[in-house]
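Shown next as structure tokens: one chain only, the form predicted alone.
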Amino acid sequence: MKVSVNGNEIILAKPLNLYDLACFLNMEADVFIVNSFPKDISYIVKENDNISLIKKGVMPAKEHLEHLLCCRQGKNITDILKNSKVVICGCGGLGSHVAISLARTGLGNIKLIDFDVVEPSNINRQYYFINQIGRYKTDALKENINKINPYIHVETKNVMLDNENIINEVAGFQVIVECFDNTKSKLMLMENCIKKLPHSFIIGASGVAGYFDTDIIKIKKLGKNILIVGDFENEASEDLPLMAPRVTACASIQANETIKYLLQGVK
């Protein structure tokens, strides 16, 4: 009987339950995953089962972690994302959550660009923690990504993007995710990338403030290579705060559109 255990092919002389399988392989395990779903230790292993034996509190080796991602997403998808490159411009409410979502998919190469530090007012909606206040957002976000998947290559750049440096910083990436919190910077990125990087795919945002219904959040396509996510009306102001639920919802859509673009044609 042929099965896969933690990414390695194993031949069994007879069917075993998961407990006996772990004992046979001399592996400690508390969690048993078969074909992407948790199973009881009494489950009898079947031909071609894809099995993960996991010990709680123990960091998996890189190959095992990739196997665990494959279990849920499939090897083809995991391999494509592992070799993909995305740059995130702005690591605030949108950018920090986009980065975390992409990290959870196993996206292999992420560049984080921001010039700011974590402030107390950021904690209400951005993916940072109180003990990270005062640190550069890029460094703090890289630390948080590493806690999810330490095998992702994360490049950081503590710089304010402008007309002079933006092309050098974002060139060579398959997707450019615009996550600025001001209109001037958004326009600067769009104008430069459209003119000088016409084949880049850009995903921006507009109108994410408040606590309005999420069903008014839409995706607009501008030309061939630009998508904008938001309600296109409710920008942040003194009377209209940025709040975690809507900001996170828009960021999740930006991340999802990134994945859709990278996996186009994959079935």
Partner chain sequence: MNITLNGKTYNIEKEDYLINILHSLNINPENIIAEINGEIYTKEMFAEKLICKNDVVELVKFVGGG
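All of these numbers come straight from a predicted model, not from anything done at the bench. Positions refer to the first chain, counted from 1.
From this point on, the text means the form predicted in complex with its partner chain, which you will not see here.
Counting only heavy atoms and a 4.5 Å cut-off, does its partner chain in the predicted complex sit next to every one of Thr183, Lys220 and Ile228? Affirmative, all three are within 4.5 Å.
By the heavy atom within 4.5 Å rule, which residue out of Ile194, Ala171, Ile148, Ile133 makes contact with its partner chain in the predicted complex? Contact with its partner chain in the predicted complex is made by Ile194 alone.
Sort through Met190, Val159, Ile123, Ile167 and report the residue having a heavy atom within 4.5 Å of its partner chain in the predicted complex. None of the others qualify; the residue that does is Met190.
Options 108-116, 150-158, 74-82, 93-101; stretch whose heavy atom lies within 4.5 Å of its partner chain in the predicted complex: After filtering at 4.5 Å, what remains is 93-101.
At the 4.5 Å heavy atom threshold, is Gly207 in contact with its partner chain in the predicted complex? Close contact exists here: in the predicted complex, Gly207 approaches its partner chain to within 4.5 Å, heavy atoms only.
Would you please decide whether Leu68 lies within 4.5 angstroms of its partner chain in the predicted complex, comparing each non-hydrogen atom pair? Residue-level check for Leu68: no, no contact with its partner chain.
Can you check whether Phe232 is within 4.5 Å of its partner chain in the predicted complex, heavy atom basis? Result yes; Phe232 sits at the interface with its partner chain in the predicted complex.
Although its partner chain is absent from this view, report whether Val34 comes within 4.5 Å of it in the predicted complex, heavy atoms only. So Val34 does not count as contacting its partner chain.
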